[in-house]
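Single chain ahead, written as C-alpha cells, the form predicted alone.
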Amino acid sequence: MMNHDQPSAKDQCGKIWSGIQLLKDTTENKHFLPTGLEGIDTLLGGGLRQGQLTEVTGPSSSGKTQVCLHSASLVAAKNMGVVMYLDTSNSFSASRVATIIDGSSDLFELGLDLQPKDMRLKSVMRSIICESVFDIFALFEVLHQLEVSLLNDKVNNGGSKMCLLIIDSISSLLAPIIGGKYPQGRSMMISVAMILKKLADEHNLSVLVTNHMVSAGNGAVKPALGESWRAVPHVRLVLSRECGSNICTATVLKHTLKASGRTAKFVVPS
C-alpha cells in the first residue's frame, strides 16, 4: 500500500526521482523559510520548505493574506533572500509590513531595534518585489520574465538571491478560466502549476499560494479549483478563525512528510 504522506517517486512535473535523490532532497537540499507565525512553523516542521509549493486555503478573513505578509516580512527582515509578492487583489500593504516588523519578537535579534522606523521599513522593502497581477495572461507573463531573470541571476538584492515566491490569491486568477469561457482553462491551470513547481525545484524557491473555499454540498466547504489542482501543492493547510478573535487554527490537509489532520493554533497580531 502506498503511504500518501511520503514523497512520490514521480512529481506533478513528470520528473522521476531515484531513492538516493529523494533522500538527498529530504536531508541536504531543502531548507525552511519561517512564516513568523509560531504555530504554523511548528506544524510544518520549520516553515515553508524550499523547493516545494505550499497552499494556504480557508474562508474569507481566516488569515490567508496575513500568513503571506508575515512570511514576506520575516524572510526579508532576516535577509534570507529576495521575496516576490504577486498581488491579485491589492492586498499587499507596506504599512502592514511595518506593523509586523515593529511587533516582531525577533526585532532585537535582527538588529532592527536600533533603526528608526522609516529606515527599518525601507531595509525590509528592498528585499520585497511586489507586482499586481489581475488575470491569467499577466501571470504567465510575469512567471516567464521571472524564469528568464532567475536563469540570468538577475533577481537579487546585494548578492542575496530570490528564495520566496508568493501569489495571493492564485484562485482568483485560475477560477475564472475553468468555468467554461476558456475551453483550454484546465490545461492553462496545469501549465501554471508546472511552471511554479519547476521554478521551485530548479531555483530552490519556496512557493506560497492562497486559495479560497467553495461549497461541497450539505453545508460543507472545500478548497476551490477542483481535483486537477488538488494534486499540485506539496503541502496544503486550511485555516479557520475564531469568531471575533485573532486566534486562528491551521490544519494539515496534505504534507509530504507529516500526517494529515494535525492542527496548531496561531495568533495574527492586530
Partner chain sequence: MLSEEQSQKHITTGSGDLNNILGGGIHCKEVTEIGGVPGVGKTQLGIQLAINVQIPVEYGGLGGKAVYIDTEGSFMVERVYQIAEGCISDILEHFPHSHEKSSFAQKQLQPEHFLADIYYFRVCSYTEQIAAINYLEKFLGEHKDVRIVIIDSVTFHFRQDFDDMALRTRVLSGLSLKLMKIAKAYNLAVVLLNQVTTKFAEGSFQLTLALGDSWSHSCTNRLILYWNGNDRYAYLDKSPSLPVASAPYAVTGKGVRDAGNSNHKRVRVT
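Predicted model only: the values in this text are computed from it and were never measured. Residue numbers count along the first chain shown, from 1.
FYI, the form predicted in complex with its partner chain isn't displayed, but the following is about it.
Residues placing heavy atoms within 4.5 Å of its partner chain in the model of the complex fall in a single listed stretch, namely 94 to 102, out of 195 to 203, 71 to 79, 94 to 102, 141 to 149. The three residues Met188, Leu225 and Ala231 each lack any heavy atom within 4.5 Å of its partner chain in the model of the complex. Not displayed here, its partner chain is kept clear of Arg236 by more than 4.5 Å at the level of heavy atoms in the model of the complex. Shown alone here, Pro116 lies farther than 4.5 Å from its partner chain in the model of the complex, counting heavy atoms only. For Phe134, a non-hydrogen atom is located within 4.5 Å of its partner chain in the model of the complex, even though that partner is not displayed. Among residues of the shown chain, Thr42 is not one whose heavy atoms approach its partner chain to within 4.5 Å in the model of the complex. Heavy atoms closer than or equal to 4.5 Å to its partner chain in the model of the complex belong, across 35 to 63, to the residues Gly58, Pro59, Ser60, Ser61, ordered by sequence position.
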